[in-house]
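We begin with a single chain expressed as structure tokens, specifically the form predicted alone.
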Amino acid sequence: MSVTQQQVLDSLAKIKSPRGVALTNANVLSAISASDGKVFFSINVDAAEARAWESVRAEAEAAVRGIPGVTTVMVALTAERKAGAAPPPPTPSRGTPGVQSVHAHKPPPQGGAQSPMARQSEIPGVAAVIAVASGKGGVGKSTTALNLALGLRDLGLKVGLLDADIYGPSVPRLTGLHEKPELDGERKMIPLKRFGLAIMSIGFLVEEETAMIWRGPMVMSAVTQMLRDVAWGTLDVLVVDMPPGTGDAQLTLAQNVPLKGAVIVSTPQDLSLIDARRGLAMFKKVNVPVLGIVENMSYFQCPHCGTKSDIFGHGGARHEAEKLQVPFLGEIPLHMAIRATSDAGNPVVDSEPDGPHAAIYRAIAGQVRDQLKGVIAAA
């Protein structure tokens, strides 16, 4: 049964705001996304009233969940602090699959006010969180993130993989995982396990064909939930596959946890490198160390004769790394084996561990590990 926006609005109209007016008339609702039984929206209020609205958020979630045909609900309570107002005390939340209650605050004004980075806190049990990012889509970032995680695993580290690409989660397809995460006794989601990795993705909560239409507050809430409401256990490294670009998801991650570094993925051609520069500049602005640049699809290697062809040019990422004085981590070829194993849910580092491509990913992982040694040892 298909769920419509009007059905959602009708159910929300029965709920009263703290001021006694219908929720639909309180001018706090974002646009509502309702598709294939999945309903997403946010309630946007002033931070000073956030506590009073938490019970309303819970009522709204329960009301929408009661609509026939609804299978998943994500309701984000977002709080914007007015200029000059003191920050409200934190409101703890416990997430369940498809349900969200997180406050996202805008940065305070300058003049002695608290920095957004002051809200950072470590994820218990996780020694280092690193981001794998790209300035644009289509450069093989998710494939690189997964194989990098497997390379770190092969070096003896305990590794997790978070698919934070909420607009187009690829990790379910790349890993062959399609189960729904279960909850532990603390109502935290238990990451799925495969290849010796702890894996979580927004794609485990929605259908593969669902169009992910997110507004800014919902992006921030979803990323926060994937970080905080997952029982990651004890990990040396959590690899985060970021959405392409330099938007809300990247800033939320940087403001939420003290990132130990970022890996930038680019192809050799100039258009990709321009966007890679933007991504690199963003991480530097938020004081995240750049662990290095990877040149993906660096050259085409014929699977029959082994001849190399520079389809997208060659060496652009290496030159960019030298110019920007960041490490160059390596070149990954455009090869059918990498594509085929990724599509089949059997990444090349795991399915062909003795092959040349697995060796490339492990060499990149080795350089990343070496830069994180001090952090992991301290943890």
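Values in this document were obtained by computation on a predicted structure and should not be read as measured data. Residue numbers here begin at 1 and follow the sequence given.
Separately, the form predicted in complex with adenosine-5'-diphosphate (ADP) exists; it is not shown, and the next lines address it.
Candidate from G138, G306, P124, G185 lying within 4.5 Å of adenosine-5'-diphosphate (ADP) in the model of the complex - any heavy atom: Checked against the cut-off, the match is G138.
Interface residue in the model of the complex among E322, E352, D343, E59, criterion: non-hydrogen atom within 4.5 angstroms of adenosine-5'-diphosphate (ADP): Answer to the contact question: D343.
Looking at the partner-bound form in the model of the complex, is L334 within 4.5 Å of adenosine-5'-diphosphate (ADP) by any heavy atom? Residue-level check for L334: yes, a contact with adenosine-5'-diphosphate (ADP).
Mark M297 yes when one of its heavy atoms lies within 4.5 Å of a heavy atom of adenosine-5'-diphosphate (ADP) in the model of the complex, and no otherwise. Yes - in the model of the complex, heavy atoms of M297 and adenosine-5'-diphosphate (ADP) come within 4.5 Å of each other.
In the model of the complex, R173 touching adenosine-5'-diphosphate (ADP) (heavy atom, 4.5 Å): It does: once adenosine-5'-diphosphate (ADP) is placed as it appears in the model of the complex, R173 has a heavy atom within 4.5 Å of it.
Looking at the partner-bound form in the model of the complex, is R51 within 4.5 Å of adenosine-5'-diphosphate (ADP) by any heavy atom? No, R51 stays farther than 4.5 Å from adenosine-5'-diphosphate (ADP) in the model of the complex.
adenosine-5'-diphosphate (ADP) in the model of the complex: contacting segment from 176 to 184, 142 to 150, 286 to 294, 255 to 263, heavy atom within 4.5 Å: Stretch 142 to 150 is the one.
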